[in-house]
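Form predicted on its own, single chain, as structure tokens, below.
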């Protein structure tokens, strides 16, 4: 029926997007932000009512420890700032390795193509927490290069642990973008005596770039929200500092929802605009078929 055609086109476009990204899309809407704010206000009000009058109120306690949660102690870079630094470097290293691995997946050499496919599928389908445990426990605390000893801090191990699944998923994004182009692009370049390398770098990848931007941004949002997993391995990021702040206030259960909802709120405030930007770019760079 004609009335169902717009819905069918919308579902087809969403299915193609998820196929290219290799995962669900962060389809955040403005009302999600409103609900987050209302939940936070309600939780803070309930905690205020339960707090003993002789002790500092939950709001005052949150304001007191907010700088500590956001960037750690003076002269250090920890807390939420460390979450952002881990996500930035993990995305950087994962993108570089993922683009290389994705191009290897379309290689004409069978061993290269099969080997890169295996690496991609292995890290793409491995639990992120297991990868973190493996890297944190097996990676050395320091590396000796001749007379030099280079320490490897825990946050750098977390960067490596997060970069591995990002690498695998970016590899699939690159492979999917290249495969999404019509085969006539390759045939036309071949008829003009372009080498495969020239075809890839001068014709194929420039067209794929705009297709890869939205899923790349989407994967960064997922990575940023996954960085609190590093707290399990002892990395002093925002979750660890939030727990330390509550312990410093003593045994006060009413602080638990206020502090952790604040933590949830700052992650939401950071990732929400990025997710909306990804959706806007997706609509701008949509490929009409």
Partner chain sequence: MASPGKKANGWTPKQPMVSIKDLHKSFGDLEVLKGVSLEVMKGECICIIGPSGSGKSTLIRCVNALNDIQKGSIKVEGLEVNDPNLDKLELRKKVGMVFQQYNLFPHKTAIENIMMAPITVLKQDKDEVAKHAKSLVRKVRLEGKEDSYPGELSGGQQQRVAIARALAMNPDVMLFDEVTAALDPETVKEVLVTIQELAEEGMTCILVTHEMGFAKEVADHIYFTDRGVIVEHGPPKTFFKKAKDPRTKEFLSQIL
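Positions refer to the first chain, counted from 1. Quick caveat: nothing in here was measured; it's all calculated off a predicted structure.
The same protein has a further form, the form predicted together with the partner chain, not shown here; the description that follows concerns it.
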Interface membership of residue 189, the partner chain in the model of the complex, 4.5 Å heavy atom rule: yes
Residue 194 within 4.5 Å of the partner chain in the model of the complex, heavy atoms: yes
Contact test in the model of the complex: residue 202 vs the partner chain, heavy atoms, 4.5 Å: yes
Proximity of residue 140 to the partner chain in the model of the complex, heavy atoms at 4.5 Å: no
Partner-facing stretch of 180-188, 101-109, 152-160, 86-94, counted where any non-hydrogen atom is within 4.5 angstroms of the partner chain in the model of the complex: 180-188
Interface residues of 208-240 toward the partner chain, as seen in the model of the complex [heavy atoms, 4.5 Å]: none
